[in-house]
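Shown here is one chain on its own, the form predicted on its own, set out as structure tokens.
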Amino acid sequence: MKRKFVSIGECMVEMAPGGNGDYRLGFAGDTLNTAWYAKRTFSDDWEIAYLTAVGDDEISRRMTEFIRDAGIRTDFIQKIPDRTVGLYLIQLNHGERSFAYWRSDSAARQLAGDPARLEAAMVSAGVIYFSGITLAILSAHHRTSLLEAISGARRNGAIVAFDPNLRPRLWEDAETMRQMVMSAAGVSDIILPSHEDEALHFGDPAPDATASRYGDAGASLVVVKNGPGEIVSLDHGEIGRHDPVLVDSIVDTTAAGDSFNAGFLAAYLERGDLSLAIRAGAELAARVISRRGALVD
């Protein structure tokens, strides 16, 4: 029987610069990006599934079809009548991206509204993956429901991986964001933060501080991404330092962290070598940021 990797979150319509002043329509979102790269990096011993909610309109149908065509299971995608999906537009400035969003009525905000569906998706899961954005788009009640379901799956043997992916504009306030992210860390085994965000919103002076904070929350493994800087890991209390993979030309940093997470998790869960896994994640991210868009063949 194949092992199951379940990624939970929001997929959106992506309008990405095409390079000639035009925009290309695609589908992406942090946890979908990781699922997409996971399908390409995990061995055939794994099946990759995505849990979200979409509307009942044409663009939702096209999104679901896109995910299915990528080889990702879609049977945990709920269809909600009279809703649609969110949209974002990427703006680039020398490779660095900024975003404009239209997502206030996104169907994905209801992804944790059906506890039975959550339980069915997580039954027999080998890995459950989610992010701070997954939590940010939910109501307070649904955040609790999701964390309870994830905690239950963890007790049943699932490995839980979490990327804090701090986006304060999605939250009611910064304190709620910090509290919920640390609550999520408390039900997670592997945490994959980015130091730049953690320094800004938690005040961590160095990647070591980020790693220690999440280790103190209960994670057995923390890998702190740090852009072009040194990557720091905390494995059962032991600090490790790892060289980044440098890129000659950065075209688009969209999905850098998402692809790192997929490459790292695939290598780590299948081979068990932490240093090699971090290298695999960094190499995949380096390839992704050398191209345009979130999803790079």
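From 1 onward, residues are counted along the sequence shown. Worth saying up front: this structure is predicted, and the values here are computed from it rather than measured.
The following text describes the form predicted in complex with a small molecule, which does not appear among the structures shown.
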Among 252-260, 61-69, 266-274, 44-52, mark the stretch whose residues have heavy atoms within 4.5 Å of the small molecule in the predicted bound form.
252-260
I need to confirm a contact call. Of 152, 186, 115, 227, which residue comes within 4.5 Å of the small molecule in the predicted bound form, counting heavy atoms only?
227
Residue (of 145, 78, 84, 194) lying close to the small molecule in the predicted bound form, criterion heavy atoms within 4.5 Å:
194
Just checking whether residue 282 would be counted as a contact of the small molecule in the predicted bound form - the rule being heavy atoms within 4.5 angstroms.
yes
Please run the contact check for residue 28 against the small molecule in the predicted bound form: heavy atoms, 4.5 angstroms, yes or no?
no
Report whether the minimum heavy atom distance between residue 15 and the small molecule in the predicted bound form is within 4.5 Å.
no
Looking in the predicted bound form, any heavy atom of residue 231 within 4.5 Å of the small molecule?
yes
